[in-house]
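Form predicted on its own, single chain, as structure tokens, below.
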Amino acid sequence: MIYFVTGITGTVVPLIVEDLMKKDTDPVFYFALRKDTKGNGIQARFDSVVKSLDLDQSTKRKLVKNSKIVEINVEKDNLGIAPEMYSELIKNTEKILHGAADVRFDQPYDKIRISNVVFSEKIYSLFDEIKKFRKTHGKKEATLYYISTGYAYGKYKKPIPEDFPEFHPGKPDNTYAQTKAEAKIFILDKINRLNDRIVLFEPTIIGGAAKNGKTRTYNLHYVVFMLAYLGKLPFFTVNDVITEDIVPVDWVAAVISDIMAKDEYHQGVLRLASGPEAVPIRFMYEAGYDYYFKNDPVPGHKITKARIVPKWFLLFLLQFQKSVNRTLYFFTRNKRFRKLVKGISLMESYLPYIAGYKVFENEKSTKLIEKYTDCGTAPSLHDIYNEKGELVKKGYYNKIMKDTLETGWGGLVDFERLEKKTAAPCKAPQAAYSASRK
């Protein structure tokens, strides 16, 4: 099978590619890439991804041999792809996996719309050309797989429905949710009007792998864990009714790669959610505090337990802090205050995801997953698969937190610096040191 793939430098797509290398007997890839903000070229970025994959050396060599890198520019016609390569993609591609997106919650609408809406529209234009070429030449129909999000539905006061082929989003939580909703509306229109072979995947919050708790990125709930650990979360809001719908990244990748490799399900929406197995925020906070307290790698470090307040009061505090720091920046021009304003704004954008009513229906999708894949329901936050593939209760959440301490939240926390503040020698895990930022 020949695939055109976007998002290879992201969180989920690399794991999907890992799976496809094992599930497809002869995979060929075109990977869409662009230079990053640090000046790294597309070849260097691809090489870095291949190096990080959990594949043996012979499989990595096969992947490199069977891959072509396609340089793109989202703001140009035909994604800025060279004409010869664009024609080659139209002639050869059998499946498109569009997994690239800007997942930041604090971006201006006009900027994030390019990454999440315009990009999707141009990917569809390529798909449409492929579709017409294959029909003209009597070839098997192509399929477009698009990774959306359950949070495209925005604010809901009741369980968020599985209403395919309809879609009735509420008011968006932020510009990310707004643009993902716009992209979904665009894609659904192609299904409803043109009967296109398109599959949309709607994961909720993606956490570390069920196998080992590890992740490539430390966003959203990881940031909240980190702030609490560092004592920078003096106030928080929890509620037994509010739940956190987190699904393991390897389970998400397994479902998507099964759908693609088995080539039996070609149109519709699959919600990748925990649904009724989602975990209460109160459990997450209390279990997290206990774990970090017992396993803190820095002796003498005191983890201050947050004071639990109503949600409205927490919002008031955040607004008040933001106003104060804005005023201080206006008078002093000290960049520290501007940075604090940005951090508080980011925390505000997180609140609908970590302290809002978000209950996702997933009964229809669960039946489809059981029918068209070898995957069952998502391991809940309480559970984890061991190396034998057996489900072990109460393991997944601890694995996630263990990973944060082993890596220092991917290098965001400097344990050596924290050690100096406590004036006490630091104990294992030493792995945290190697990843820490100075």
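All values reported here derive from a predicted model rather than from experimental measurement. Sequential numbering from 1, following the sequence displayed.
There is another form of the same protein, the form predicted in complex with a small molecule; it is not shown, and what comes next is about it.
Contact annotation: of the candidates 179, 274, 257, 149, the single residue with a non-hydrogen atom within 4.5 angstroms of the small molecule in the predicted bound form is 149. Only one of 103, 230, 188, 242 lies close to the small molecule in the predicted bound form, with a heavy atom inside 4.5 Å, and it is 103. Stretch 66-74 is the answer when you ask which of 366-374, 66-74, 399-407, 53-61 has residues with heavy atoms within 4.5 Å of the small molecule in the predicted bound form. In the predicted bound form, the small molecule lies within 4.5 Å of some heavy atom of residue 204. With a 4.5 Å cutoff on heavy atoms, residue 5 does not count as touching the small molecule in the predicted bound form; it lies far away.
Residue contact check for residue 17: none of its heavy atoms lie within 4.5 Å of the small molecule in the predicted bound form. Proximity of residue 153 to the small molecule in the predicted bound form falls outside the 4.5 Å heavy atom cutoff. The putative spot formed by 311, 322 and 355 is not touched by the small molecule in the predicted bound form; no residue has a non-hydrogen atom within 4.5 angstroms of it.
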